Each structure stands twice: as structure tokens, then as C-alpha cells.
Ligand code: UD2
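Have a look below at one chain only, the form predicted on its own, in C-alpha cells format.
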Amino acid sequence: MVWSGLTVGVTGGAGFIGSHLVDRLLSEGASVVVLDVCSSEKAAQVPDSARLVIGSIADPDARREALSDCDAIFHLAAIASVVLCEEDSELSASVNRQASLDLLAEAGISGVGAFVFASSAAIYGEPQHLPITESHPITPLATYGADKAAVDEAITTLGLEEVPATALRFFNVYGPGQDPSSPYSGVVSIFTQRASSGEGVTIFGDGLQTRDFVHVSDVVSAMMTAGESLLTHSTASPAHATPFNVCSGETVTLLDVVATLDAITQQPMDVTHAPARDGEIRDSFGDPSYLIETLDWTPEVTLEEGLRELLDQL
């Protein structure tokens, strides 16, 4: 197994996606080091078999303590709140941009064999064509997307003598462990919680806006697949200095999500419509074919399967 016996660093490893990745890496035989600014509650959720370093990726000492001896690094830590990034652009620039660029440079100096960056579909901005491919113009609408785009560009312009690295552009990730009470949670976790408790939902706009929902297990699979290619082939890997969309390729409206939950629970939810939010992108869905063709990755969890899993765990 590729990961057995390796030391792997996961920034943001106590978070929603990161925790799933940590579990998968441990199951594959890796020694895992988590760097996260997590609360005591989230720290308790990090498996005892992983080493947890509590600290910010913006702290060079914390990065050095956690990641200096790693064979591979998965970089997921970020300020995820778009609103907070807008309100404090200096903080966003410090954490989401500069700390990430510093970490990338340090990974190259220390000889890391694979660096996988959690980029975002937010870097595309308002879609100019659908589905969105990796060649779509990079025109982020807000600070969060702009800072992600800066790191994404730094990775996709790396040379063959630099750290083996890739940028994975996540679309709308959902799955078990996503806190529906968090301001960062997506509509799937919120709608599922409401369906489970018999509550209604509020949809901003007509509900026909489209999104691309991808299950967290498929996201973890994409990260692992990309990391394995980099570890095996170094900068000769087709993943090196290459961006990939991580998405389902399926077009889903918010009303589709409600209808699927209604069908599963046999208890139709009350839907209230509110005015559309200013600046919200109406349609956004991606094309995963480049990742499928290049690294033989396939999204496996359908929306109905993912929603059933979420409901079963509530």
C-alpha cells in the first residue's frame, strides 16, 4: 500500500473534510499529523492514533512542529467563511494566501513527496460557460476566492524541479459530520437536519438555482488518488502542477434536494421562499471528466444515497 509507513500531514484535519481524510489515511496504514486551530470539542474528535498539533497554519513554529518530517501534506486549513474574509481581508490574506504559499515553499525545501491543496470552485466566479471546466477563466468574486486562486496559481505554475503538487477545486461538498448549525455548512446538511426533525426550510429565490453536490467520501478518494500519483511518479505525475475539478458533474436544483428528501422520508417539508440573496451565483456545476480521465477517479455516491446516509445518522 502506498501510504503504509508514511508520515502524512493534514492541515485542517479536525474539520469536516479533514477528519474524513485522516480516518482514511489511518486505515491505509499512514502515521498522521494534524495541524488545526480546533476547539477542545473538535480536538477530542481527532483519533488517538493521530498526532494533533493545535496551532494556526499562519504560525511558522506550528507548521515546523507538525509538518517538517512529513512525506506528504494535504493542505485543507483555511478561513472558510466568505463573509469573514470580506470583513477582514488582511486576515484572509495572512491565512488563506500567505501561510499557504509559505507552506508550499517549505514543503519544497523539506523534500515532501506530495502536496495536495484544497482549492475551490469559488475561484471561477460567475460562470461564463457550463459545465465549468478547468480552463474556465479565473475570476473570483470575493476575497476568499481570490486568495484561494493565488495559491492555486502558484501550484499550477510549478516547475519539474519543485515540490510535486496539485490543486483540487472542490465544488459543494457534503456528508456525515458536517455541522448543520455551522454558518459554513451547505444546504444539504441543513435541509437534511430539517427533514429529520420535521421542520420546514427557507429557500432564497425560486429554488431552481443549480449546484454540484459531491459526497465527502468521493472528495477524500480524489485527494488520496492525486496524492498517490504524486508519491509514485513525483513531478512526472500527470497531477503535478495540474488543477482538477472535484465534483459530481450532476446538475441539481435546491428543489431537487427537497424533493429527494421528501421521497426518502415520505414526509414532505414545508418550503418557504425568501428574496434571492444579492450576489449569489444562480447556476454552478462542474465537469469532472479531466480528473476521471487523468487519474481514473470516479464519483460513486449519488445524491439520494448520500442523503439516505445522512438521514440514517441523525
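Numbering starts at 1 and runs along the sequence shown. All values reported here derive from a predicted model rather than from experimental measurement.
Below, we turn to the form predicted in complex with the ligand, even though it does not appear here.
Although the partner is absent here, residue 187 sits close enough that one of its heavy atoms falls within 4.5 Å of the ligand in the predicted complex.
Contact annotation for residue 241: none of its heavy atoms lies within 4.5 Å of the ligand in the predicted complex. Under a 4.5 angstroms non-hydrogen atom cutoff, the ligand in the predicted complex has residue 80 among its neighbouring residues. Although the partner is absent here, residue 48 lies well away from the ligand in the predicted complex, with no heavy atom inside 4.5 Å.
Of the stretches 105-113, 90-98, 207-215, 225-233, only 207-215 has residues with a heavy atom within 4.5 Å of the ligand in the predicted complex. Although the partner is absent from the chain shown here, none of 64, 70 and 117 has a heavy atom within 4.5 Å of the ligand in the predicted complex. Interface residue among 158, 132, 122, 150, judged by heavy atoms within 4.5 Å of the ligand in the predicted complex: 122. Exactly one listed residue, out of 254, 37, 30, 58, brings a non-hydrogen atom to within 4.5 Å of the ligand in the predicted complex: 254.
Residues 254, 277, 280, 281 are the members of 250-288 with a non-hydrogen atom no more than 4.5 angstroms from the ligand in the predicted complex.
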